[in-house]
Each structure stands twice: as C-alpha cells, then as structure tokens.
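This document starts with one chain, in the form predicted alone, laid out as structure tokens.
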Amino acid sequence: MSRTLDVDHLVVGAGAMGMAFTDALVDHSDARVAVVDRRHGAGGHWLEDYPFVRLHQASTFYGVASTVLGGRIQEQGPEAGLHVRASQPEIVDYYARAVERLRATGRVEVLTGCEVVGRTVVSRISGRTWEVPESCRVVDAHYLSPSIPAESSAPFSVADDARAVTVNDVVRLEEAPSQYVVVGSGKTATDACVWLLGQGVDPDAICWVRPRDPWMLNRALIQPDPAIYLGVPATTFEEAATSSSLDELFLRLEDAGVMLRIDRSVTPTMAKAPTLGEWELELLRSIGNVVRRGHLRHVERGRLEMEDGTTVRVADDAVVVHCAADGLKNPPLVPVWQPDVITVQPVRAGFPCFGAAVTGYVEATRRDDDEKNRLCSPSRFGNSLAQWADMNVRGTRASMALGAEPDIAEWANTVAVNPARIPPGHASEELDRVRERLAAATAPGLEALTRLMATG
C-alpha cells in the first residue's frame, strides 16, 4: 500500500552532504523533510569503506553543523597535539545518532534501503512505496557521490591465475604474499601503504603503481585553530602573487610547509590535496619500487601490463590491491537551485560538509532562488593543478559573498564544520596578524590564481 509523503523537501542521499544539508535546513526552518538512501543506513560510503580508514582531516570539520564530531586533541602517537581523526566505526555511529536526532524533531523521515523512481520512493527490501507530492522540492545530494573500491570494479582486468583484492579485503588475507602491488595515486592508496608498513611489511615487498604523483596538504596546518588554518590561504595567495606558473606556486607552498609530495624528484600533476601527516610521508618515502607507466591495464601471474604497453615483472604470488576508484567526482558545475532540483555541491574550496550545511541554511532562510544561487555559487573538487586553482578562486569568492551576509557570518562562526570560523570571543595577536595578511593578499592572490590557471 502506498501513501503520500507529507514533506516539503525530498533529499536523495543520506551521505555526508545530504545529512549536512538536512540538519541545517531543519534547524533553521519548519520544513518537513524525507531523506532517502539506497544503503541500509546514513553515512554514505563510510558504511562500506575499508576498515582501517580514517578521516584525512580533523574530525571537527566533518559531519553536520548541529553536532561536533571529534573536537579533541590527540595526546599520544605520531599526531599528538593535532585534532583527532575519526575511524570508520566512529563515523558510522555518529551518523546513526544524527538520524535519531533528526527523527526526534518529528519533521524528518529517513527512508533507507530505498530508491527514488520518478516521483515515487520504493523500498528495495519490502517493495513498499511512497508518493512524492508535486509541491515537494527534490534535493540531489548524491551528485558528487564518491566511488570506492568495495563498490566499483577494478579499472584493470585480472587473469585467472593472478590474485587481486580490494583494499577492504587486504585485512582478510590468511597468508602473507612475498609482494604487495598497491594500485592508485590517491588517499586510499597512501592509506593502504601506510597500513601495510604499520603491519610490519618490508618496504621492499611493496610495489606501488602510481600513475600520477599527488600534491597533499600538511595536516598539521589544517586544524581547527583560526590562527593556524587561516595561515594556509594567506600563504597561498601571497605565493600565488609572485609565481609565474602553477608548478612554481606549488613548489613555493612546499617550501612554506603547506604542501607535501612523496618524491621530491618528481613534479606532481595531481592536486586533489588530501591532508597527510609528515610521519606518513616518511613511511611512504621508504617505498622505492614505484611504477610510473600510466594506468594498470591487466594483471597476469608474475607480471603487470601497463597503459604504455610495457610489462612490469612482479612476484608470482603477488597480491594486487585495488585502490583505484574515483573517490572525488568532478562533474560539470550546475546552479545549485534549479526549478526541478536543488543540486548540492561544494561551495567554498573543499570541505563539502560545510558547503552542504551552508546550502541548507540558505535554503531555510532565503526565498528567492536567484539570491540563493548568488550566495552559494558552486565550486569543484581539485584534480589537476588548474582545477585546484579554480576551486580556490570559486570557493573564495563564494566565501566572500556569504561572509557579507551578517546572519550567515554569525551562524558560520558558531559551527565547527566551518574550517575558517572564528568563534565568538576568540582573539590573539597571532590571529590578528594572520587576518591582516589574508586581507592584504586575497585580492592580488585571486587575480594571480585566475591568471595562472588560464596558462596551465
């Protein structure tokens, strides 16, 4: 039997962005919302991710605006003094509690294990259906839904006599091979390498197929302290203004301690820029067998067939570890508010949870879609150096537009998912100096980034 949902918004996707949008919308309006997801719970890809995964950034920057995730300083280990980074079970539990909080408002239904087909929500478990009223606004919160190895086929074929596993399954091996082949250039691959080394695997027993070398942000600077965090954009804009190319800018940022690269003899072309600890960097540099021959195309027993046509010899019992899913999507930018759909996208440079939360806040507090689009113009995730520059230009301009609205600025400074927030009463001479630097460098820095991304 079908019934019609009594809701104003249908949010498609209960991952990080869908939950952040819903949380802010419900907290700042009387809207009634249904959140739909095909998975069995909220939390998106975290429900299926590899067991040793952690947030690559401080937990404080992640989640929903109403409830802080983490917020503690690590007291021991290689990151003592930095903010905690939540594990997969902690993140899954956090979103389960966020669902309970939303349902307790009496204005939110969370329908998991469901698909949206036209204007109908269909349970994949029971077959039950719910009709969506014509007056309901549809919110696409999975436009940027990431792919993960556990849910995507490897981008290479594997012969019957060879062995390949996803990064999820490497923890379930019952017998150690003489060699691991880690395939991928991004955060998942670096996590896999760090985990293997932490388990005592000899660096010489790891072959790393790295099609592109990545630039990564120094995690020690991406912290919930405005005097530290705001120094990153200040330095970026200052160095951009005196750089003649994006390659030069990144090298300058490396010298300033902002950016990290694994191999200082290789100039990276990939700039998705996750954060990395310097202790992780030291471990990754111990792996000497790095294959840079494009993407892996086929695995045979004892050999890898590469994109450039060459063959790379590996151990006959080598286990190939698939880490090559496209975690950060980069589809075309579209207006967030359109007549038939609200498409949640990053708004500032990176930090998708805050972008989704501020989008939900604007939806709750503004009525005109043109005004909403003016305030929340979409940014993108960086991939190439030019896209990274574009992300920062778009994100900074959006942040300036949002910051010019007194109510948004006041709200944003109270929510931990905003990395640039300055909490009420927070003041120091160091923060004053950083804010002065940022104010002076922003305009020339934006002009320089715009010029640099146009030339390379």
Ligand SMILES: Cc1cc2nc3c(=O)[nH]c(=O)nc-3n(C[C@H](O)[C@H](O)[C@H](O)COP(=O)(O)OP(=O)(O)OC[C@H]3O[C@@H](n4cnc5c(N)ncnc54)[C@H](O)[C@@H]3O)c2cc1C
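None of these values were measured; they are calculated from a predicted model. Residues carry their position along the shown sequence, with the first being 1.
There is another form of this protein, the form predicted in complex with this ligand, and it is not shown here; the text below is about that form.
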Candidate spot Leu102, Gly360 and Leu402, all three in 4.5 Å heavy atom range of this ligand in the model of the complex? no
With the partner omitted here, the residue among Val68, Leu431, Val53, Ala31 that in the model of the complex has a heavy atom within 4.5 Å of this ligand is Val53
Going by heavy atom distances of 4.5 angstroms or less, which of His142, Arg293, Arg107, Arg380 would be at the interface with this ligand in the model of the complex? His142
When this ligand is placed as it is in the model of the complex, which of 170-178, 243-251, 108-116, 222-230 ends up with heavy atoms within 4.5 Å of it? 108-116
May I ask you to check whether Gly184 falls inside a 4.5 Å heavy atom distance of this ligand in the model of the complex? no
Would Pro146 show up as a contact with this ligand in the model of the complex if we use heavy atoms at 4.5 Å? yes
Is the gap between Gly43 and this ligand in the model of the complex 4.5 Å or less for some heavy atom pair? yes
Contact of Tyr62 with this ligand in the model of the complex (heavy atom, 4.5 Å): yes
Just to make sure I understand: among 5-37, which residues lie within 4.5 Å of this ligand in the model of the complex, judging by heavy atoms? Val12, Gly13, Ala14, Gly15, Ala16, Met17, Gly18, Val36, Asp37
